[in-house]
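One chain is shown next in structure tokens, namely the form predicted alone.
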Amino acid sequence: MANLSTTADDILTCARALIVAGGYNGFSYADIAEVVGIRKASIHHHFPSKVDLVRTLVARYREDTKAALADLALQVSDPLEQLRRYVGYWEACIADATAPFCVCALLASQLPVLPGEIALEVRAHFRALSDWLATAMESGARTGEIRLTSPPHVEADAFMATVHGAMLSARAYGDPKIFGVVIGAHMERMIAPPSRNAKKERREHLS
């Protein structure tokens, strides 16, 4: 059973890399078979169709992301730092090419041609991510760290769009550093300026 599980994981890992490189229609089972070193029949054994494969991939990606974000919220109480850690994760992935693009963001750009089962999973990922971001932003606004000019969910969707747009810009320019430049500017606008009391306390501390 361990070997079967490992094979399925290898197939999913390969499929994710191929989707990020060429999109949903940019790969076939023959491509996976060549990379993983198995027969196409073995792939069909685990995933009878391409729809089954990609739906499983996105569902697992969504659940892994949800678990990672929940763990981040438990480890880091400061909401602004939570957002920084989230952005930092993608900045590191893009810099070393381990995950240069969010697979759900790429699939979202192809929603009109995706099978319905896959589209549902992609939309579920975006809703879950938006909810997490909105919670962090709302908490940050309450503590005075984050400045919101729109309702939290609107701000969350804008932030999410900026992150994915920054990924696209980094890919378009062929420069991983572009991601940090774009998202860094967005985060700077979100950070609330220090209150007068905070400024006074800082001056007293320095004097």
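A quick note: this is a predicted structure, and the numbers were derived from the prediction, not measured. Note that residue numbering begins at 1 and tracks the sequence as displayed.
In what follows, reference is made to the form predicted together with the DNA, a form of this protein that is not presented.
- For the DNA in the predicted complex, the listed stretch (56-64, 162-170, 135-143, 32-40) containing residues with heavy atoms inside 4.5 Å is 32-40.
- Across the proposed site, Gln75, Ser77 and Arg85 without exception lack any heavy atom within 4.5 Å of the DNA in the predicted complex.
- Within 4.5 Å of some heavy atom of the DNA in the predicted complex lies at least one heavy atom of Ser49.
- At the 4.5 Å threshold, heavy atoms of His153 stay clear of the DNA in the predicted complex, well away from it.
- Contact annotation: His45 falls within 4.5 Å of the DNA in the predicted complex, judged by heavy atom distances.
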